[in-house]
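Consider the single chain below, provided in structure tokens and representing the form predicted on its own.
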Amino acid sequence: MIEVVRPGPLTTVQDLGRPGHAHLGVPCSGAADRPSLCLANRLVGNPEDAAGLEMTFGGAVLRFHRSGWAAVTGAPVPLRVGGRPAAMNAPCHVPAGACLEVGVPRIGVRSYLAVRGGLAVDPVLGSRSTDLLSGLGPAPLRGGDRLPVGRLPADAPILVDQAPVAPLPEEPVLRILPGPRDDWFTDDALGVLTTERYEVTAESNRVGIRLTGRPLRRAREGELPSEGMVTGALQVPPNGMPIIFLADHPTTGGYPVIAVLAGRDLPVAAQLRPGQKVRFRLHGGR
């Protein structure tokens, strides 16, 4: 059992989501930075899809009622276990009764905590993820919450003592594929998108990253009939400011999508923080 002494600004339970329910209006959800959660799970010997914690801007303090192994990945944060410094991207042993303290990241937004055995909260539609848009899954953590921990077979060893991780970029360049509705914009809109710098606003969350910068002008007015949306879509509302859809995005939308992020750049987008600058370029150098 793990007790939440302090949850930080926003800490949620996440696994790899609940795909296959978009026709019911249920987003996939799951970890916004999936590779970081998968790495944390591998470091403690879990399957990659085990449930862990996604911590937005860190700040969490967790007490382990039984000894266990944990790993923290994603946005780099200072860590302390039982009052002593611990390393990121590495398994660390937490004695019974000790607290794991997570600091605040200097760069990036989301850090991930995996515990050996995984978090055994009740699944909803096959996933333990918190979906902030639909309200499915466990509520965001509060002080005093207790999280059950599962068990792994004795022959599931911890095989890695440290994982090399590339640093997060200060000003990312995200690759995009045009469309499906780039024809709703002026001929120069994609050129504007791929030459200007955009800034992340404070209204960003797990649903989407809201950007401000030079507006993308439309060639057509009105709204589309609602159509399916994917993670990484750059939807453009009437003000011309693009929104990058993240894990909890709605499954349909009526604003045109000018482009979609390359899948490999979704984890980078998930780590964008308010005030950070970002650029886009056409995938493949077009």
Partner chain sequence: MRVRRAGDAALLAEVEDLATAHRLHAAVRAAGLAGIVDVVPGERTVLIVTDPARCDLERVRARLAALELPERPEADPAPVEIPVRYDGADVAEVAELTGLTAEEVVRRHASGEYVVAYLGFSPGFGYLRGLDPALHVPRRSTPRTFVPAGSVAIAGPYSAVYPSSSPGGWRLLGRTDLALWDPDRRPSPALLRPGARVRFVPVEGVR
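What you see is a predicted model, and the numbers here were worked out from it, not measured in a lab. Numbering follows the first chain given and starts at 1.
Just so it is clear, the following notes concern the form predicted together with the partner chain, a form of the same protein that is not shown.
None of L246, V260, I243, C38 but one reaches within 4.5 angstroms of the partner chain in the predicted complex through a heavy atom, and that residue is V260. Comment: the partner chain is not present in this chain, but in the predicted complex one of V104, A163, V173, L125 has a heavy atom within 4.5 Å of it, namely L125. Exactly one of the stretches 104-112, 209-217, 186-194, 131-139 approaches the partner chain in the predicted complex with heavy atoms within 4.5 Å, and it is 131-139. Proximity of R273 to the partner chain in the predicted complex falls outside the 4.5 Å heavy atom cutoff.
Although the partner is absent here, V61 lies well away from the partner chain in the predicted complex, with no heavy atom inside 4.5 Å. For P238, no non-hydrogen atom is located within 4.5 Å of the partner chain in the predicted complex, even though that partner is not displayed. Not displayed here, the partner chain is approached by R181 to within 4.5 Å at the level of heavy atoms in the predicted complex. Shown without its partner, the chain has P225, S226, E227, G228, M229, V230 in segment 222-245 as residues with a non-hydrogen atom within 4.5 angstroms of the partner chain in the predicted complex.
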